[in-house]
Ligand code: HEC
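First, one chain by itself in structure tokens, the form predicted on its own.
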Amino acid sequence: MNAANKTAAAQGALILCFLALAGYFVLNPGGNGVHVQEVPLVDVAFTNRATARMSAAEVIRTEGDASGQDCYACHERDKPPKLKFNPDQSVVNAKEHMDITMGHGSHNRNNNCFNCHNETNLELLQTRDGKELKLVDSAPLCGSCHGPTYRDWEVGIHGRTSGYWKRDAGPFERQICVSCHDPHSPKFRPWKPAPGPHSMRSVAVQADSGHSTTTPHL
């Protein structure tokens, strides 16, 4: 037998072996089946790029309907509103503000409207040292008390920044504190953690006395 005939015979033998293996896997005489595990879809809450809340500052910045944020639609100008307090010195919300939960800080030490709002101009905020800020520029107000977190926010460690990390490559946007935290009750409730990574490996199903078990198929 010459070399050409030997090569043809070897190729024929290999073809027959592969056909036999294909038939074995299709007919599955051993009773075992292999299937890929169905990977459940991730909750859209973990992929949603929207912020945790829509702040008044965002409504104003995007030129939305901010009529509900007009303090002087109800309050008189040049007349600071009077606050009412419980015996424990916590603020009693007026009926118009019953949707607000006062829970900024522990021990009710910061539950005073005028710690942040300017009592002489309700359209402005004020820091502890008397600096006045617009609602859309509230981050320095938060930073006047939360210095370490504010510094982390400035460098992009805390909070959410989207756009180009390389600043000269294109625009970027850094969300302010109130885009995620309710300024009146900023503590986050516990969140369900995102699912861990999936191995994406198939699973072999084995039949044993009428019971099926699954084992990783490497």
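Just so we're on the same page, rigid core means the largest C-alpha set that superposes within 1.5 Å between forms. For every residue, the number given is its place in the sequence shown, counted from 1. This is a predicted model, so every value here is computed, not measured.
The protein also exists as the form predicted together with the named molecule; that form is not presented, and the subsequent description refers to it.
**Student:** Please determine whether residue 67 contacts the named molecule in the predicted bound form, using a 4.5 Å cut-off between heavy atoms.
**Tutor:** Residue 67 belongs to the contact set for the named molecule.
**Student:** Report whether the minimum heavy atom distance between residue 75 and the named molecule in the predicted bound form is within 4.5 Å.
**Tutor:** Yes - in the predicted bound form, heavy atoms of residue 75 and the named molecule come within 4.5 Å of each other.
**Student:** Is residue 54 a contact residue for the named molecule in the predicted bound form, using a 4.5 Å heavy atom cut-off?
**Tutor:** Result yes; residue 54 sits at the interface with the named molecule in the predicted bound form.
**Student:** Just to confirm, residue 129 within 4.5 Å of the named molecule in the predicted bound form by heavy atoms?
**Tutor:** The answer is no: residue 129 has no heavy atom within 4.5 Å of the named molecule.
**Student:** Output the sequence-ordered list of residues from 150 to 181 with at least one heavy atom within 4.5 Å of the named molecule in the predicted bound form.
**Tutor:** Sequence-ordered list: 150, 153, 158, 159, 160, 175, 176, 177, 178, 180, 181.
**Student:** Tell me whether residue 65 is among the residues that move between this form and the one not shown (Cα shift of 2 angstroms or more, core superposed).
**Tutor:** Yes; that C-alpha moves by at least 2 Å between this form and the one not shown.
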